[in-house]
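Here you get one chain, nothing else, as structure tokens; it is the form predicted on its own.
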């Protein structure tokens, strides 16, 4: 029996799943295993269709589903590539939802304020699927637009996935934070769930964002997941919205 054929998919795959979904799940498993690296071209659709013993149309539909999930990127005339956070302008605003009130496209600068080791609180452990007290890394960074601080993020990461992460190592990397996680630690941020509410700036936020204590801010809590919906980042951000707003497209 050919292990690449759809009928050899993991037992967890429902038997009633359409064939293209079975192929999509097998492709996702190979992406998760690192068979094709971020930024690397996938084999041609004809080659993949032959590999999985399915019709080219079925394979194309599976690839379309991966593209809709931002797992791969189609490039006209070149083929299909594994999506990567290292392509800055292509991915900058997939997770960053803050926009200038002027409508101008802005690419923020990132300033890491602090990196320290700690222990997961009960709340962080629940959101990151860790045990309370398990080792974590705690990062604080500020995003600046045209030199003005707009976002202050407190980020909690499972220490086991980010061994060797230091401020020096981060600052030596030329790229986004998610590009850093992907390139240096092999952790790909795929999906995120966010909760938003209004808060007043405390003394620390006021100092970092250069606003008055008590000024209104947006508090954005994000849990980011990788393959298998595994949570790998808890991010709690404070957004100054005097000249910016949170933007999201629905539908």
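Residue numbers count along the first chain shown, from 1. Note that the structure is a prediction, hence the values are computed from the model and not measured.
Not pictured, yet referred to below: the form predicted together with the DNA.
Only one segment in the set 216 to 224, 59 to 67, 32 to 40, 184 to 192 has residues whose heavy atoms sit within 4.5 Å of the DNA in the predicted complex; it is 59 to 67.
Exactly one listed residue, out of 78, 126, 117, 111, brings a non-hydrogen atom to within 4.5 Å of the DNA in the predicted complex: 78. Against the DNA in the predicted complex, the set 202, 211 and 243 makes no contact: no member has a heavy atom within 4.5 Å. Remark: residue 26 does not count among the residues lining the DNA in the predicted complex, judged by a heavy atom distance of 4.5 Å or less. Shown alone here, residue 55 lies within 4.5 Å of the DNA in the predicted complex, counting heavy atoms only.
In the predicted complex, the DNA stays beyond 4.5 Å of every heavy atom belonging to residue 163. The shortest heavy atom separation between residue 18 and the DNA in the predicted complex is within 4.5 Å.
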